[in-house]
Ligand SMILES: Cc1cc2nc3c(=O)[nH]c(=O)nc-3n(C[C@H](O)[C@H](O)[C@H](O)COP(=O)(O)OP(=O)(O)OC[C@H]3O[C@@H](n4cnc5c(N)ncnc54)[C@H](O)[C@@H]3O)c2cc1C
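Just the one chain here, laid out as structure tokens, in the form predicted alone.
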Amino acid sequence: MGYRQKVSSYDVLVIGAGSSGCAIAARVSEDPNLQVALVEAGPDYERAQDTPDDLVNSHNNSYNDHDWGLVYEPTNGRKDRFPRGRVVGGSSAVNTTIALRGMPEDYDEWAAQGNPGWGWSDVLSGFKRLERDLDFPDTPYHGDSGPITIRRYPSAEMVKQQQAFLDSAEALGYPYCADANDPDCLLYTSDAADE
């Protein structure tokens, strides 16, 4: 499975074919003078029809052969699963396949701390090149021709617990945000908190 080439040595070795590992390997390999190896412990499903149901239907979080089986302790005395993907695509392939960006001010803070190229306006162009957003293709925050298709689950595809959470949030007065990657979408304001 996957593209393999026999090379005696590599200039760059990327460990883990998750979201960042794949992106880093792809970008570094754009330099034809570099030999790049991307190493992943889990399988790589080249064709969509070969992808197992626990990855295709990942919104149900039923992991089988694609999870490391880690456990964490979020509070003293309570242990829970800590899903980490063991497959090309990494944890993004098993964690409900959510495409959720950081907050613009976080990226700007990284740039302000001496990391040029990491400001919001810098990374936004990369996000847009990466995605093909089916729901918001003609907005300033989304791309429409990238290699990764982005869409939101409609109500008809949600499980009962997901819809109940959204219904409860609405009943409590939290504003609905159709696009969590739009920094102008009002998720929660101090005005709403004061009411």
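In this text, the rigid core denotes the largest set of C-alpha atoms whose superposition between the two forms falls within 1.5 Å. A quick note: this is a predicted structure, and the numbers were derived from the prediction, not measured. Each residue number is its position in the shown sequence, starting from 1.
Another form, the form predicted together with this ligand, is not on view; read the next lines as being about it.
- Interface membership of Ala48, defined by any non-hydrogen atom within 4.5 Å of this ligand in the predicted complex, is ruled out.
- When this ligand is considered in the predicted complex, Val12 lies well away from it, no heavy atom lying within 4.5 Å.
- Using a 4.5 Å cutoff between non-hydrogen atoms, Asn95 counts as a contact of this ligand in the predicted complex.
- Though the partner is left out of this view, Asp54 does not reach within 4.5 Å of this ligand in the predicted complex, counting heavy atoms only.
- Stretch-level contact analysis of 38 to 46, 153 to 161, 166 to 174, 137 to 145 against this ligand in the predicted complex, using heavy atoms and a 4.5 Å limit, identifies 38 to 46.
- Although this ligand is not shown here, in the predicted complex the stretch 67 to 86 places heavy atoms of Trp68, Pro83, Arg84, Gly85, Arg86 within 4.5 Å of it, in sequence order.
- The rigid-core alignment places the CA of Trp118 less than 2 Å apart between the shown form and the other one.
- Annotation: Cα of Ala180 displaced by less than 2 Å between the shown form and the other one, core superposition.
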